[in-house]
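Taking the form predicted alone, here's one chain by itself in structure tokens.
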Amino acid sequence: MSSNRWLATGNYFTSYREEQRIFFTSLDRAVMGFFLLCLFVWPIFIDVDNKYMLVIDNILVAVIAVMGLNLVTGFAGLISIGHAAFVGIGAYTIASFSRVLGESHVLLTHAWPVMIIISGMVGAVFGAIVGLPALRLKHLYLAIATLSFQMIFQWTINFMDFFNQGQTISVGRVAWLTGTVSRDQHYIFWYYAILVFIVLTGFSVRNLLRTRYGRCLVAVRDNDRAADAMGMHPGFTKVYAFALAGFLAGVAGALNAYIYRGVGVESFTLHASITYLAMAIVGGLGTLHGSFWGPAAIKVLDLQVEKLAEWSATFLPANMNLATALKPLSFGLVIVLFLMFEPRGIANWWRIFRSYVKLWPFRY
């Protein structure tokens, strides 16, 4: 590397320690710091309606869930079609405490960060259990195994009285240093809370990928037999990949429960699992920042489709529900187009843009 970390024009490393840095140059570190500062400051200057604040919160929750899915599918190469079930496990962990202790119990309202971590741990346990078939199964067979877990989860929630047979289970309002969070401040409070979780999770995943355990994920994805020959343990790697994915999904589910102040099974169906997989594909499998691009793109697409349906309702017959047709059409079309023309997702666009900026005004 150049001696001047601000003016470095190439990545010329002289040691493995230099190559493993999170930020290669001081400019990268400054840009990231400025970007994080903007994320934390903009709600102070821009007044956003609760409807759109809820959309932003949903995007941030999906980012955490897709990070977990990217670990198991993008980096480890293991297909998971039951990711929404892991998210549901985290949400129903909060719901279980609410049923047993009461929705306004101090553990739920004041110790909510601890409850979120506990939900993640429960998700990790179930993730490790579901990952056990990966010791013997791969590809389509593993996908069917995760799909079976999704079906078992939905059946259990729908037929157990403890979970109110899939109907909504209420969760109380949380408290902060200034007291109970009011209704007007609910979504903005959770925006900051989720943002903190995302920053911690993002740096944790980035650090994980720098370690030998992160390299094991990529090695097993590329060729598990070669990884085994090099002294890695493919079985252990696959199980802890599912466990990590379950932990992040459980955290996302707990945050979802607190945002909506309730838990219902309709948020964790097979359609939700397919949506998470689509977010990972559109964002870019096997890339950390693809976990941010995908949820944002899919959620914004849904919002624009709703606006288009509302606009078309002004001149179309009342019995024609255009939104019902447009949502699945646009959703499927986007996935097919990305798989055909940009299989590496939006993350590849970002890579091309960064390369262009870095090399400008030269073409090569």
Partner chain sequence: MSYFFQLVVSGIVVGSIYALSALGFVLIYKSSRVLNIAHGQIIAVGAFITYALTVWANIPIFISLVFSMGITFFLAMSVERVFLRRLIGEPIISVIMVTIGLMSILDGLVYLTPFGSENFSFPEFLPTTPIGFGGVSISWTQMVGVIITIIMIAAFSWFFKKSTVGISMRAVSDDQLASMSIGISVPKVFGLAWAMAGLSAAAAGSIIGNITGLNFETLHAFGIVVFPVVILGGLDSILGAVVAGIIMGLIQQFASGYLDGNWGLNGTGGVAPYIILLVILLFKPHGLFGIHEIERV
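Numbering follows the first chain given and starts at 1. Here the structure is a predicted model, which is why all the values come from computation and not from measurement.
The same protein also exists as the form predicted in complex with the partner chain; that form is not shown, yet it is the one meant from here on.
Check Pro43 for me: does it contact the partner chain in the predicted bound form (non-hydrogen atoms, 4.5 angstroms)?
Taking the distances in the predicted bound form, the answer for Pro43 is no, it never comes within 4.5 Å of the partner chain.
I'd like to know if Met340 sits close to the partner chain in the predicted bound form, meaning any non-hydrogen atom pair within 4.5 angstroms.
Yes, Met340 lies within 4.5 Å of the partner chain in the predicted bound form.
Test of understanding: in the predicted bound form, would Arg183 fall inside 4.5 Å of the partner chain by heavy atoms?
No.
Do Ile79 and the partner chain share at least one heavy atom pair within 4.5 Å in the predicted bound form?
Answer yes; at least one heavy atom of Ile79 falls within 4.5 Å of the partner chain in the predicted bound form.
With the partner chain left out of view, choose which of Ile188, Val125, Val199, Ala226 has a non-hydrogen atom within 4.5 angstroms of it in the predicted bound form.
It is Ala226 that has a heavy atom within 4.5 Å of the partner.
Heavy atom within 4.5 Å of the partner chain in the predicted bound form: which of Leu39, Val300, Leu308, Ile335 fits that? Just give me the one.
Contact check passes for Ile335.
All three of Asn58, Leu288 and Ile352 touching the partner chain in the predicted bound form at 4.5 Å, heavy atom to heavy atom?
No residue of the spot touches the partner chain in the predicted bound form.
Determine which one of 150 to 158, 251 to 259, 209 to 217, 83 to 91 lies within 4.5 Å of the partner chain in the predicted bound form, judging by heavy atom distances; exactly one does.
Stretch 150 to 158 is the one.
Counting only heavy atoms, which residues in 101 to 139 are within 4.5 Å of the partner chain in the predicted bound form?
The stretch 101 to 139, when checked against the partner chain in the predicted bound form, contributes Arg136, Leu137, Lys138, His139 at the 4.5 Å heavy-atom cut-off.
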